[in-house]
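Before any questions on binding or motion, here is one chain by itself as structure tokens, the form predicted on its own.
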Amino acid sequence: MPTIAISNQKGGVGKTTLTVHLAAWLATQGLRVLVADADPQANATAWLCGGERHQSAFWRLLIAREKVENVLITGRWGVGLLPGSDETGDAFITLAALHRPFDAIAQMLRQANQVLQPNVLLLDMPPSKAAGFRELLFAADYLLVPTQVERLSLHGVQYMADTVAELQREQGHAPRLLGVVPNFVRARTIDHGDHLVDLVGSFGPLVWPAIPLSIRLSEAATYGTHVWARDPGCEAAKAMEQVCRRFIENMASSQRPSAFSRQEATGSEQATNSQ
């Protein structure tokens, strides 16, 4: 029952898009999927619940001390959801004010895993170093980093690497990198091509197949569905399925990356062949 944080400290990189699509695809494969919406913007909650508002699961579990069975809701495609709201940020601030242990969030998510028994827990993270960010990252077993292939977004990947390294030094635990997902890619433009080469040069085979920029992904968010329902034959749908299949392959493999480290990259040729 691994917990996977989907995160990039740079906002606007498509982390919620990736979270929802991964959850939907895994659920259609017969897996029990639990999404914990840790973002105060609660976009994953709105997407999975057709725009309905819910109380923050993190507030109810961490501060109000409710039982996880009472907090869980079922979203689209049968995906289990610990919903988010603007109270989520308040929960993390209150947690710090109460001087609760650093691993309080990790303990809460472990309990949710034990009670609900999902095959996988996807943690939709806040977009920046907000209250609770490091504690949430500490709670994860693995890390999946979506990124645009723009200069500032690529810096966000390095910021994640630095944050995870600090977490490992200070707390003795940090999530292992599962992959880096280039998102909203315009493959035929020179700048995106160059930045994609730079990304592969830095992280090698940890770079997953690129997801192209597509209006179909925007439509999926607007209509509360997934890209396969909008246009299953489009390039974005095919790329998103490749990413989902890579997720299954990496989680099933015994040869998982040992840490989030640029030094683990083994070169662009190997990464290109793996895609």
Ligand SMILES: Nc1ncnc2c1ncn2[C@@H]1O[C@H](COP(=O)(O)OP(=O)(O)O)[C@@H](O)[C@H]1O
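Quick note: we count residues from 1 along the sequence shown, nothing fancier. This is a predicted model, so every value here is computed, not measured.
FYI, the form predicted in complex with this ligand isn't displayed, but the following is about it.
With a 4.5 Å cutoff on heavy atoms, Ser214 counts as touching this ligand in the predicted complex. Remark: Asn183 counts among the residues lining this ligand in the predicted complex, judged by a heavy atom distance of 4.5 Å or less. In the predicted complex, Gln29 stays away from this ligand, with no heavy atom inside 4.5 Å.
Although the partner is absent here, Cys244 is not a contact residue: none of its heavy atoms lies within 4.5 angstroms of this ligand in the predicted complex. Annotation: in the predicted complex, residues Ala24, Thr225 and Pro232 none come within 4.5 Å of this ligand through any heavy atom. Taking a 4.5 Å heavy atom cutoff to this ligand in the predicted complex, the contact residue among Ala221, Ile248, Val68, Ala46 is Ala221. If you take 14-33 and check each residue for a heavy atom within 4.5 Å of this ligand in the predicted complex, you get Gly14, Lys15, Thr16, Thr17, in sequence order.
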